Structure formats: C-alpha cells, structure tokens
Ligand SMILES: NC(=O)c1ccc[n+]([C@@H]2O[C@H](COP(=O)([O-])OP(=O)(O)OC[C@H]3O[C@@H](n4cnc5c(N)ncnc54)[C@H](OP(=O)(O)O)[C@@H]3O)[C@@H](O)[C@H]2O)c1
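One chain is shown next in structure tokens, namely the form predicted alone.
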C-alpha cells in the first residue's frame, strides 16, 4: 500500500508546520469515535478553549466537553461561524443529512473531516457546496491512548496545506496513513475493526489463564503486558513475526505444543475470516 505515515513521535507543531494552537475546531458528535478524535487533536496541540463540542443537545455537549477538557458549544451555528476544521462524528446514516443541513453554515475555507464508514468522498462533496475541502478519516479506538491507527482519504478540493494540517491534527494518534477509498475496506479489516478482535482474543486468553489457576487480575496483567511487549518487539526491532515466533519455539517444548494446538484449532483461518468479514461489510455499506 502506498501510504504516507506520520508518527506519534512527531512534534505537534513543528517549526515549519501548522500552528494548531490558532485553530478553531468543532466536533459534531463526540461519541465513541468523535470523543477519541477530539482527545487526539487536543494532544496534538489544539487549545482546549478552541475545540468546541456540539452534540445533539447543550447538556450532552457540556458533558462531553467536560470529560474531554474541551469547550461546549452553545449552538452549532455559533461554533461553526469561525471554524477552521469541522469533524463530523455522527452515525453514517445521519451524516449526509447533517452535511446538507450545515452546508451554508460551514465556512468556505474550513476542512471537513468525516468519521463515517461507508459514506464516500463523492457523497460528502455532493452534500456540501462545490469546492469544499473534505477528508475521510477512519480511526480505531486505541488512538485514545496514542497507540492507534488512522486511515486518511483526501478529497478532490483538499490543498497540500490542508493535507499537512490534517496529518498534524492526527500526529498523536499513533500512526496516520494516506489510503485510497478502495483501500479503506482492507484498512478496516487490518486496523479499524481489528482492535475489537484483539480485545476478544485477550479476553479468551485471560479466561483460560483463570481456568488454569491464576487470579483474574494477575492473569489480566500478565497477558496484557505480554501482548504489549510482543507488539513492541516487532515494531522496534523490525523482526518478522515468524522469526520472533521461532525464537521462542524450542524443539519439543511448551511453545511449539501450544502453537500446534492453535493451528489445529484453525487460528489463522479464524483471524482471516474475521478480517475478511469486516472488509466485506465495509464494501456493502459503501454500496447501500
């Protein structure tokens, strides 16, 4: 995949980069995904008083803003009046109606970032006035701790400067990569939905450790640390997973016995099926 990555170690406002502290960012729908995106942008350098939360009601906006350490918008119209970036975090079935509703309120030079799966750039650009800068962002939930991944899709009217700005906003997410809309389906299988699959695997390993005799809190600590350490080894040392696996597989030992059991249980096929199903669902959502 031809992708441009921005690391979480990059400075949020480099000497020649965009001044995120001067931006006015509006997040409409700071829920399960909009909330982590807002937190990521705050970590990148957006000022809390200049990141405005506009949920379905003033009370909902205040609760979300308080939890994030941001500012609540009294109304969408007031928040949008001076917006430089508008994040649309509502559900996919709501987003086109919302874009049509807000089309005259969003400033002409603002960048609109959609978090909605299945809604294409063409659909979003059609719902907004001609020439508006639109970016699709597909984040996963680990961005909330700076260890996630974001796939970015650039609309036809996005300038190079706006493209750099969006990457800067996601510079603390973990990894931000440029992908095409065709690649988004594979991205969802490989990153977007994958965190849930990992959570399910960790849950299963924890339950089995308890069955084998460990207390649950100890089992959770050991398994989460081991998963974290294994991923860190691969990313920091550049080791191929097969090489790392072979390095802990002594002939006739416990590890090879466990690996053989995984293969007999269809571990590879199960993981592949889950990723493929997520990607296929993404394709179906786009066609609906």
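Positions refer to the first chain, counted from 1. Just so it is clear, the model here is predicted, and its values are computed rather than measured.
The same protein also has a form predicted in complex with this ligand, omitted here; what follows describes it.
Site residues 56, 76 and 91 are all in contact with this ligand in the predicted complex, judged by any heavy atom within 4.5 Å. Residue 226 falls outside the set of residues with a heavy atom inside 4.5 Å of this ligand in the predicted complex. For residue 32, a non-hydrogen atom is located within 4.5 Å of this ligand in the predicted complex, even though that partner is not displayed. Heavy atoms of residue 183 never reach within 4.5 Å of this ligand in the predicted complex, leaving it off the interface. In the predicted complex, this ligand sits within 4.5 Å of a heavy atom belonging to residue 141. In summary, among the residues 117, 175, 71, 158, the only one with a non-hydrogen atom within 4.5 Å of this ligand in the predicted complex is 117. This chain is drawn without this ligand; in the predicted complex, the residue among 214, 98, 190, 205 with a heavy atom within 4.5 Å of it is 98.
The stretch that touches this ligand in the predicted complex, counting heavy atoms within 4.5 Å, is 83-91, out of 206-214, 83-91, 122-130, 160-168.
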